[in-house]
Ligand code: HEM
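The chain that follows stands alone, in the form predicted on its own, written as structure tokens.
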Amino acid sequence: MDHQAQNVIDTPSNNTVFMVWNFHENVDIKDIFKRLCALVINLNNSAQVRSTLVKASVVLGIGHHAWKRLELPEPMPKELVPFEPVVGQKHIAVATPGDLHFHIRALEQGYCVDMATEITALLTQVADCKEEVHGFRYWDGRSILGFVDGTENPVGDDRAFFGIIGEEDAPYQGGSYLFVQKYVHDMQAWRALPVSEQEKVIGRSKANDIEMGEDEKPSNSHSALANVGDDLKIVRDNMPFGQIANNEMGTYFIAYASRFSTVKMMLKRMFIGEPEDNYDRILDFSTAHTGTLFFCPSINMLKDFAG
């Protein structure tokens, strides 16, 4: 059987649209879902024909509640569960509902707009869009905080190893767990910090993205707590977003993983602390407004769903 994954391990692009949709209650969603799966396949195929240079794609993720309601295969993916809040003494990784997630990306924004438009035209019959975030590439892959984002991302064959399910869950081989959070930053407080203090928060140099040595890196720095080891990695595709005049700038955190348990371990270290109360200091400047787990089926499974 073909276990071709969706475009979950593509490298970050210049433009993205992230969308979270929730189905209406008491409506038939199965036919629309079949058509949606066919549309996602069609959009990806069309993008390849129209121009391979823009690297346009869309990835569909399905939440636990939607999986149940759509009566998709049982037993479901081993780690697809309703995400529960991670509660620390000071900060909370909130849990928010989400039935479907779309990760749309392209070098040219127009492709993202076209794909989002087609998806919306189909889904508005049976669902509401709860989140629509337009991300952009900031300089050389930096977050809006000014530090390079995704330095710990796996490269080469490791991207597939850490980002895509293998034989450990054979029925769902080629799939991937997708976890997303929308963070909004307190940019005024962040900018008030001297660069030397910002670097201690992140654990890296701001200009050249060089990691601090273990003897100088604070134990509550982001790089110290978010990194759970070389044997446990995730594929990040984070993007900055926001409105400048309203001071609502943020980061859309998006992680693909062969095991959600890796993401959960990272969240516990960040929000609860390691040891407890030694939480990630970046959370004093970045607040998670959403938190949802999805599963991204393989392409052959999407084809099965489409009938």
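Numbers follow the displayed sequence, beginning with 1. If you're wondering where the values come from, they're calculated on a predicted model, not measured in any experiment.
From this point on, the text means the form predicted in complex with this ligand, which you will not see here.
Next on the checklist: Checking a candidate spot here: are Val148, Arg204 and Asn238 all in contact with this ligand in the predicted bound form (at least one heavy atom each within 4.5 Å)?
Outcome noted: Checked in the predicted bound form: all three residues contact this ligand.
Next on the checklist: Heavy atoms within 4.5 Å of this ligand in the predicted bound form: which stretch in 39 to 47, 64 to 72, 23 to 31, 258 to 266 meets that?
Outcome noted: That would be stretch 258 to 266.
Next on the checklist: Can you pick out, from Ser298, Thr16, Thr292, Ser286, the residue that has a heavy atom within 4.5 Å of this ligand in the predicted bound form?
Outcome noted: Looking at the other structure, the residue within range turns out to be Ser286.
Checklist entry - Among the candidate residues Tyr111, Phe83, Phe102, Tyr183, which is the single one with a non-hydrogen atom no more than 4.5 Å from this ligand in the predicted bound form? => result Contact residue from the list: Tyr183.
Item to check | Val126, heavy atom within 4.5 angstroms of this ligand in the predicted bound form | outcome: Although this ligand is absent here, Val126 would stay clear of it in the predicted bound form, with no heavy atoms inside 4.5 Å.
Item to check | Exercise: Tyr279 in contact with this ligand in the predicted bound form, heavy atom 4.5 Å | outcome: Flag for Tyr279 set to no.
Next on the checklist: Since only the chain is shown here, I'm wondering whether Met212 would be in contact with this ligand in the predicted bound form (any heavy atom pair within 4.5 Å).
Outcome noted: Looking in the predicted bound form, residue contacts with this ligand do not include Met212, since no heavy atom lies within 4.5 Å.
Next on the checklist: Would you classify Leu60 as touching this ligand in the predicted bound form, given a 4.5 Å non-hydrogen atom cut-off?
Outcome noted: No - in the predicted bound form, heavy atoms of Leu60 and this ligand never come within 4.5 Å of each other.
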